[in-house]
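To begin, one chain is listed below as structure tokens, in the form predicted alone.
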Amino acid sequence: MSNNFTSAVRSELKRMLDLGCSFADVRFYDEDSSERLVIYDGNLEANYRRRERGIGVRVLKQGAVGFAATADLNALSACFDRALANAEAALWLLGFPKDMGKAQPVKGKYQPPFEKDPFELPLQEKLEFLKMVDERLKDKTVEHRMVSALFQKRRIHYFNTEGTEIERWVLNTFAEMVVMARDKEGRTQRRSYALDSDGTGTRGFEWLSDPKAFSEHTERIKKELGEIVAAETLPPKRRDVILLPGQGHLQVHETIGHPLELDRILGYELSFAGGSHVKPEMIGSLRYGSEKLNAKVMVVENSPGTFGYDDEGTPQHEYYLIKNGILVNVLCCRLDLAEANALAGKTVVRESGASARAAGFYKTPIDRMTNVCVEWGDDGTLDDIVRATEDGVILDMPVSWSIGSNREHFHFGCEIAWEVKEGRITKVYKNPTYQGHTLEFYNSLDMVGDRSTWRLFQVANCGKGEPNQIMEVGHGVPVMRFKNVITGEGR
């Protein structure tokens, strides 16, 4: 970024203060690129590449927020003027006056660990890799197969009127493989694997091309698809449920992550993707789960939820959301703190959780998940948990989900279930489902696996906001056992 542009940004920020704004910030996306490749049954189904560049300006005047964006870098001053005009117009509709609070200026830079930038590699090299994986998925028992990869790269400069100036890079790699076949009823079954990690390592193409990380899972998912197709449907009953991280990460995403976003708690998402069963006055006292439940915002090296600083310039840091089962904090940005504390009648949220995130330069930051994780426990390996289970099922990977409007109850369908009887895995079931009420479910958590069971799963397409914003997040989750859960479907 040129010195002239930096000087112009600083000058505009000062001008907003002179015009009566209490706060202003600007995000300059020097580069925002993504590439998606899909191979379906050996054919190139999608080859999509996008690149954007522009600035987004936000101002706060008399408690009202105004936002504007432009891809014309020569229109910087006009963009600030439009944001200010939008804030002044919003004064007529102002509900609770917004307040950014106080923050110390931050100077910083962040770059994720990576070795091979996927955007610097020839397209042919990436396609040959995906076709190699596709070849390995071929089998007489597989009717359809799909391999996909998604790469993201962003370079963002952030400035605000408090003197904070941040430069950060984002680089993410996502990938998934799926095999499908029909069972004897003619219903399509699937088994899949998504690129995950133990939280360490790098985020470039070298991660995807590591056989242990991705391509070596082809034989396993083909074998398990054959077992699913030949299996009976899971019979309904109450039994213990052991969630592998492949299913546990979405359980955490939908019933811990989204309900604890502060804007949902304040009611700002009600008309689009639902609110939260949590009220501001419950923060600090609500029993959310058993004492085995410790949910935490983590700063994980190899995760799309780690980006150094949020879109308000707040450095990422670790903190508990749920400690020994008690709700102690929420996902929040600076802008919503004052309203939450006013509604609660006391201070329930003391500082930003560095959760202000926008999906592009032309989107305004909102409260988003980052790395919402469940800490590993001390109940041993998966084998240890299986040996301790009299009557249960092990569940993995979602195929469907339905969530209550306030995230108070849920229903999930999974790809596969392994029955556990008297401490042994006995058979495979297809079409497994389970359901429950969020708080009752987490209060039934009685075993949490150790570090060896903990995996970090990536979510590339978390949707939220109106207009919608698609954001990437990470969830580190161990194997977890829940007691006496409703499973299967009655006729």
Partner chain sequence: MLEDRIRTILLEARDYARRSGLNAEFSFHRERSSLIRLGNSAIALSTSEELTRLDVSVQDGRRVGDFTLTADITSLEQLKSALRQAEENCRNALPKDYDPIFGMVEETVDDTRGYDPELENISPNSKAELCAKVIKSLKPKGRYDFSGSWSTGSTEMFYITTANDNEAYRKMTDGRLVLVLKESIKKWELSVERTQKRANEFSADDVAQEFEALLPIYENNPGYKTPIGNQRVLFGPQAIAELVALSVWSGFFGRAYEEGRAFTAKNRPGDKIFSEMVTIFDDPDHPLVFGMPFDFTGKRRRLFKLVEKGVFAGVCYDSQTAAKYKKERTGHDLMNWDLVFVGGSGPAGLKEALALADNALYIPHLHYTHLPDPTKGIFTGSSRFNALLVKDGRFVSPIFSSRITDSIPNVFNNIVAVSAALVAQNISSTYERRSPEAMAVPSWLLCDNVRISDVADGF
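Predicted model only: the values in this text are computed from it and were never measured. Numbering follows the first chain given and starts at 1.
The following text describes the form predicted in complex with the partner chain, which does not appear among the structures shown.
The closest non-hydrogen atom of residue 379 lies beyond 4.5 Å of the partner chain in the predicted complex. Heavy atoms of residue 272 reach within 4.5 Å of the partner chain in the predicted complex, making it an interface residue. Shown alone here, residue 70 lies within 4.5 Å of the partner chain in the predicted complex, counting heavy atoms only. Among residues of the shown chain, residue 468 is one whose heavy atoms approach the partner chain to within 4.5 Å in the predicted complex. The candidate spot formed by 168, 214 and 444 is out of contact with the partner chain in the predicted complex: none of the three has a heavy atom within 4.5 Å. In summary, among the residues 65, 439, 459, 425, the only one with a non-hydrogen atom within 4.5 Å of the partner chain in the predicted complex is 65. Think of it this way: in the predicted complex, the partner chain has a heavy atom of just one of 111, 141, 285, 188 within 4.5 Å, and the residue is 188. Listed stretches are 319 to 327, 305 to 313, 290 to 298, 177 to 185; the contact stretch with the partner chain in the predicted complex is 177 to 185, by a heavy atom cutoff of 4.5 Å. Annotation for 192 to 214: no interface residues with the partner chain in the predicted complex [heavy atom within 4.5 Å].
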